[in-house]
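The chain below stands alone, shown as structure tokens; this is the form predicted on its own.
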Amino acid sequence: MPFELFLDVRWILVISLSSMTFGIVSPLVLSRRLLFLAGTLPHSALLSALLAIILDRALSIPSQLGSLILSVVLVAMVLRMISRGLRPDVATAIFLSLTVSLTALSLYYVITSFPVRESIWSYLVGDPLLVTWEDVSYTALISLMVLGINLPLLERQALIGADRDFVKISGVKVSLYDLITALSLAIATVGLLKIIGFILEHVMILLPGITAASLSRSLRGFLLQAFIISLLGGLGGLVLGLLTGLAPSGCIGLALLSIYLVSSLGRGGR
């Protein structure tokens, strides 16, 4: 009997949309020189999701809205520290200490107080194969928001990352772009947490931009290659997961890492 690979169109859509979203977020993070912060963003997303569950039960605030607001506040807080002169690694260390500690407390409280263990599991590893059409619509909304906010502004964001002081004295309201960055990162990491998962978000935020930066010779090429690398890694990992019976989220991470290693070898290890 010939082997047949079953692909649900919903799986393809959510992985494609999520990959395209991180294909924009990753070069944004690299352009703004926020790699230290990028590694901690999933922590803030997970913390926001857990706190939102508590707020939903206590005050009937919709969890998706609550998690988004909380995440924007957390990311804006660390960007504010950096903009006021604190070294990015120091600000990130403070931010990580706060979010990890509060996440441990919130996770323990939610697990012991509310019957939502399955949802917590999906926050950690993602559930791309269990999505509904409602999830597809929600993912499409998140993707459109992030793409719509950032595509027209990526070049100026790169300039701010290259020379923040020069851009500021040129009359650009850098604080506004900081807010846009915080909003974009919060929307992407919180909005796609249940699809991609806390663990994989670390990889998808970092590797597409890093890989593209090592290959491209222009800003436009960098942005385009990061977008393509993220999309190829997402869809390739999905197919690999279905072929092997392994978690697609883990396979996506391995696919992105493989793309980086192949590109590194092609450059002679430079």
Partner chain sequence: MRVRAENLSVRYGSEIIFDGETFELAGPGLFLVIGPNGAGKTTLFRALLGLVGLRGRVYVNGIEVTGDPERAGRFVGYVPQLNLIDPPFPISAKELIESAIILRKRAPTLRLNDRESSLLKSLIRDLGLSEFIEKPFQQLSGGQKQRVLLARALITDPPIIMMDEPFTAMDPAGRESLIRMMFELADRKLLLVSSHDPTLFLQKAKAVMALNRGIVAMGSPDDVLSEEVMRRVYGRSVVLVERCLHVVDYHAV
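Positions refer to the first chain, counted from 1. Not measured: the values here are computed from a predicted model.
Omitted from view is the form predicted in complex with the partner chain, to which the following refers.
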Seminar exercise, completed: TL;DR on 165-173, 98-106, 188-196, 82-90: the one with heavy atoms within 4.5 Å of the partner chain in the model of the complex is 165-173
For this session: Considering only heavy atoms, tell me if residue 152 and the partner chain come within 4.5 Å of each other in the model of the complex.
Result: yes
Exercise. Do residue 218 and the partner chain come within 4.5 Å of each other in the model of the complex, heavy atoms counted?
Worked result: yes
For this session: Could you confirm whether residue 33 comes within 4.5 Å of the partner chain in the model of the complex, counting heavy atoms only?
Result: yes
Problem set entry | 4.5 angstroms heavy atom contact with the partner chain in the model of the complex for residue 76 | no
Exercise. Given that the partner chain is left out here, which of 124, 180, 159, 129 has a heavy atom within 4.5 Å of it in the model of the complex?
Worked result: 159
For this session: Could you check which residue among 213, 232, 242, 69 gets a heavy atom within 4.5 Å of the partner chain in the model of the complex?
Result: 213
